[in-house]
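First, one chain by itself in C-alpha cells, the form predicted alone.
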Amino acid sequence: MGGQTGMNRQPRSGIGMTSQRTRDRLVQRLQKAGITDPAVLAVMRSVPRHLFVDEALASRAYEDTALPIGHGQTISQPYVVASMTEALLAGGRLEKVLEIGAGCGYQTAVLAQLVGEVYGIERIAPLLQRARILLRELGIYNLHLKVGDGVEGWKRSAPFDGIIVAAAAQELPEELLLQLGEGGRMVIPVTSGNGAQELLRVTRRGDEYHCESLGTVRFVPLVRG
C-alpha cells in the first residue's frame, strides 16, 4: 500500500459518542495528562477510534482506556498512543517508521498522518486483515502491512528512522536495534526484573544506543513467532 493519506470518510455508524464534542473532550484529557505536541493532538482528535473497536464498545471509544479487540489483544488507551507517538517524533519528523504490533490499526492510523511511511507488522492475521480493510476505507495508503514475527522486524526495508513497539519485551531486541538508522529512535516497553514495565526511548548514535526512561506502562508481552 503506498500513496497519500486521507481521513475524509464519514463514520460508518451514527453513534452519538462519535461526535466532535466527544473527541474534543478526549483531547482536553490528553492535554491535562501532559501531551503538548499540537500535531499529535490534532491527529488524536481526527482519527475515528470508534471504527477500530467492536460496535458494542463504540460508545466507550473516546474514553482514555484500553479496550479488547479480540484474540486476547487490546487497543491501547489514547494517552499511551499519543505519548508514544509524541516521544517518537520529539526529535523531528520521521520519513520511515516500523510499527511492531499493528493490532487493529489505530496506532497505525495515527502514525500515518505524521510520518512519511509506516511499515506495520502484526502476528495475528485476522486482526491485520481487518485493519487493512479499515485503513483503506479511511483513505490511508502510505502503509506497508504484513503478518510476521515483530521481534525479527522488517530487514528488507531497513533501516528505519523510527520504530514503535506496542508490546513489552523482556529485553531490547537486538534485531530491532540493528534496523534503526543513524540517529533513529525506538520507543518500546521493556519488562524489568520485578515484572514492572518501563517505556524506553532508544536513540542510535553510531554503534551506541542511548536509553531514556519515559515512565511505567502496561502492555501485552512481545511474543516471538
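Numbers for residues come from their place in the sequence shown, where the first is 1. All figures in this text were calculated on a predicted structure; none of them were measured in a lab.
The form predicted in complex with a small molecule is left out here; the points below concern that form.
Contact between residue 83 and the small molecule in the model of the complex is not found at the 4.5 Å heavy atom cutoff. With a 4.5 Å cutoff on heavy atoms, residue 122 counts as touching the small molecule in the model of the complex. Though the partner is left out of this view, residue 74 does reach within 4.5 Å of the small molecule in the model of the complex, counting heavy atoms only. Residue contact check for residue 166: one or more of its heavy atoms lie within 4.5 Å of the small molecule in the model of the complex.
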